[in-house]
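Shown here is one chain on its own, the form predicted on its own, set out as structure tokens.
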Amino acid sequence: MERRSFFAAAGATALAASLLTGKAQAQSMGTVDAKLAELGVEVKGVSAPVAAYVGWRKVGNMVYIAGQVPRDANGPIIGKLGDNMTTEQGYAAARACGVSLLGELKAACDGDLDRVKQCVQIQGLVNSTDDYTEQHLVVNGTSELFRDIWGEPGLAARAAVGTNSLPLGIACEVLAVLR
């Protein structure tokens, strides 16, 4: 084989391999990011813990994410369900917690949310009055977000608990375990 033909063939092979690799990476990387974009969800960087804890911890193939505070453009979402917040506002707050959970999860997965196989557990704490009984509908803000991203594997064993107070007066706090 002539030298020029050899290098042309080698170059074509390298180009084809690089295109195939890029195609494979495009299919395996960014699927969740594409879904987030479709849903209009922007995952931001993680916030520094405000006390003595870490935002997440990996144990084997499990990621345990610390309770996340709901935030919007104005800062923490403050309120008490059944008093000065509606269930719909609480749902939006829990969804904001879900977005914060995704930020921590992304950090734990080295930026690749496609590594997530399943949401195992979600625990939601809802700042509510004694007679408020729709905590489960509030925590759906996180559960439905995860379901919309991962489908059935995004649904988790779950608890939605009412409490008379949460740190900073926040509306809710959600923590999760994923693999």
Partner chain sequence: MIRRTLFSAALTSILTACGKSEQAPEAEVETPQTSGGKIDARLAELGIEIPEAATPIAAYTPIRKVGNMVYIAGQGPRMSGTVGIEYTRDQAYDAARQAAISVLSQLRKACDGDLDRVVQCVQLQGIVRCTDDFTEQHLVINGASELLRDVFGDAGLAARAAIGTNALPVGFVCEVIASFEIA
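Residue numbers count along the first chain shown, from 1. Please read these numbers as outputs of a predicted model, since none were measured by experiment.
What comes next is about the form predicted in complex with its partner chain, which does not appear here.
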In the model of the complex, do Leu39, Lys44 and Asn140 all reach within 4.5 Å of its partner chain through at least one heavy atom apiece? no
Out of 66 to 74, 149 to 157, 111 to 119, 132 to 140, where are the residues with a heavy atom within 4.5 Å of its partner chain in the model of the complex? 66 to 74
Residue-level contact is defined here as any heavy atom of the residue lying within 4.5 Å of its partner chain in the model of the complex; does Leu125 satisfy this criterion? yes
Please tell me whether any heavy atom belonging to Ala34 falls inside 4.5 Å of a heavy atom of its partner chain, as the geometry stands in the model of the complex. no
Contact flag, Ala48 vs its partner chain in the model of the complex, heavy atom cut 4.5 Å: no
Within 156 to 171, which residues have a heavy atom closer than or equal to 4.5 Å from its partner chain in the model of the complex? Thr163, Asn164, Ser165, Leu166, Pro167, Leu168, Gly169
